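Presented below, as structure tokens, is a lone chain in the form predicted alone.
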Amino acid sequence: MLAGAAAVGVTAPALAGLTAAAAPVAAAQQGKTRRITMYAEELPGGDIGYGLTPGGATVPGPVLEMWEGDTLEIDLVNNTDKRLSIHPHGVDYSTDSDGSPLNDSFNEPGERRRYVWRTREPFRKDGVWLPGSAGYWHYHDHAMGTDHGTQGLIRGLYGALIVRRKGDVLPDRQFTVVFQGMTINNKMAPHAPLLEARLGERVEFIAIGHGDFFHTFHLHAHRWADNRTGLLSGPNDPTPVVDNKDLNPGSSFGFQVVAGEGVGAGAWMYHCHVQNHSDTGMAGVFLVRNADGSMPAGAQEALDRYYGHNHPHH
């Protein structure tokens, strides 16, 4: 398991020193058990975030990574005056790690509580192959404000969870983009995250939806395969290739692109393609710098236009 930084312009964490689980056999294989401590804390402006150190909370929270077969033990420390929890998607857990008031699984103010998440590889049972845990998932509060954590989600208690399979391609950079209500990572244009990479770098996006609205995620000038990894297995792979995908409450997906491949460096927009959502401020910039890190021609002018754009409802 790895815990990466919250995803605004960060380099993806290295996976050195971890051993991926063995190839699928008749039963799920066991991997490593790792333990981390996370802190839920209030942030300036009314947000609340998760962090890996006291004072290190962010919105979104840190990217958590595991290999299929790994177990992750999270000691969550609630440094707020609100009831809250941490609830995962895509992994296995017992009822006491559900992170929901239904199962009396949450942190009172000031409380430290352990949550245990398990993963498994695909395995065969009774002649049928069952899916493993690999995928682009997420975690979030499920206890603040209501028994479904509505206030926690609104205030920023969410983050990305990646479960990788042996052989998965690893990125150079990694970004989490959360469409929460009518915001991106609890911000609106021109304050939505500026995501930066250099020409030719492999960039991983984890897209997550929360709130009450229908959204679609669109990335200009780049595309990906609509499957678990976002990559094709070969030239004859029939997986549809897309550059726009539904991103609705509770959903998540991820993909990798090579920054600027075929189109060059520049300021490329990402946004919700529901028109009144993008008009209102659900838009940001994926800045692909030149390979040497310099600003490509026209990019600064594009950023100036973005920062000067008047969004009527912001």
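The structure presented is a predicted model; accordingly, all values stated were derived computationally and were not measured. From 1 onward, residues are counted along the sequence shown.
The protein also exists as the form predicted together with another copy of the chain; that form is not presented, and the subsequent description refers to it.
query: Quick one: of R164, R173, R120, R198, which gets a non-hydrogen atom within 4.5 angstroms of another copy of the chain in the predicted complex?
result: None of the others qualify; the residue that does is R120.
- request: Considering another copy of the chain in the predicted complex, find the one stretch among 190-198, 70-78, 230-238, 156-164 with heavy atoms no farther than 4.5 Å from it.
  value: Of the options, only 230-238 has residues within 4.5 Å of the partner.
message: I'd like to know if D212 sits close to another copy of the chain in the predicted complex, meaning any non-hydrogen atom pair within 4.5 angstroms.
response: It does: once another copy of the chain is placed as it appears in the predicted complex, D212 has a heavy atom within 4.5 Å of it.
field: is_contact(R112, another copy of the chain) in the predicted complex, heavy atom dist at most 4.5 Å
entry: Contact with another copy of the chain, no.
query: Quick one: is A283 in contact with another copy of the chain in the predicted complex, heavy atoms, 4.5 Å cut-off?
result: A283 belongs to the contact set for another copy of the chain.
- prompt: Do K32 and another copy of the chain share at least one heavy atom pair within 4.5 Å in the predicted complex?
  reply: No, K32 stays farther than 4.5 Å from another copy of the chain in the predicted complex.
task: Could you run down 88-106 and flag each residue that has a heavy atom within 4.5 Å of another copy of the chain in the predicted complex?
output: Heavy-atom contacts to another copy of the chain in the predicted complex: H89, G90, V91, D92, Y93, S94, T95, D98, S100, P101, L102, N103, D104.
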